[in-house]
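Presented below, as structure tokens, is a lone chain in the form predicted alone.
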Amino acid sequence: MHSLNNLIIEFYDKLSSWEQSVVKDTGYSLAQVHTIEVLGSHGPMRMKELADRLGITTGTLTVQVEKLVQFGLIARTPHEVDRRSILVELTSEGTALHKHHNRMHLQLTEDITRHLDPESIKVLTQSFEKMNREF
């Protein structure tokens, strides 16, 4: 188990370093790009739901969303049914950023799994699915 722990930490460190290097060229913060990633992957959502997915408070998210609205990447709209709720969604510019960033993630995934056979990729995928359910 000690060896697995070290491998997970090493992988996390390398992935974080890669992510930082990719994001620094965009002019946006890593937190802002993660917000774009979540909205691009899951679609419009309430502020509370987005904050929960990002693991941050709604107060922190409000500041972040305000900046992303100013950048023209996110739009806020009233919820159709619950007038007290605000939905946040990507604008066309936000969608373009998400697609570009997602392509970079896909390329990284292809690069780091290129030496794995299909069965190993299947097992790795299943393992990540199980581990992700623990969070």
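So that there is no doubt, residue numbering starts at 1 and follows the sequence shown. Quick caveat: nothing in here was measured; it's all calculated off a predicted structure. In this text, rigid core is short for the largest set of C-alphas that superpose within 1.5 Å between two forms.
Below, we refer to the form predicted in complex with a further copy of the same chain, which is not included among the displayed structures.
By the 4.5 Å heavy atom rule, the three marked residues L4, E110 and F128 all count as contacting a further copy of the same chain in the predicted complex. Shown alone, this chain has one stretch from 102-110, 89-97, 75-83, 59-67 that lies within 4.5 Å of a further copy of the same chain in the predicted complex by heavy atoms: 102-110.
Shown alone here, S120 lies within 4.5 Å of a further copy of the same chain in the predicted complex, counting heavy atoms only. Using a 4.5 Å cutoff between non-hydrogen atoms, D13 counts as a contact of a further copy of the same chain in the predicted complex. Put simply, L124 is close to a further copy of the same chain in the predicted complex: some heavy atom of it is within 4.5 Å. Proximity of L116 to a further copy of the same chain in the predicted complex: non-hydrogen atoms within 4.5 Å are present.
Core-superposed comparison between this form and the one not shown: the C-alpha position of V123 differs by no less than 2 Å.
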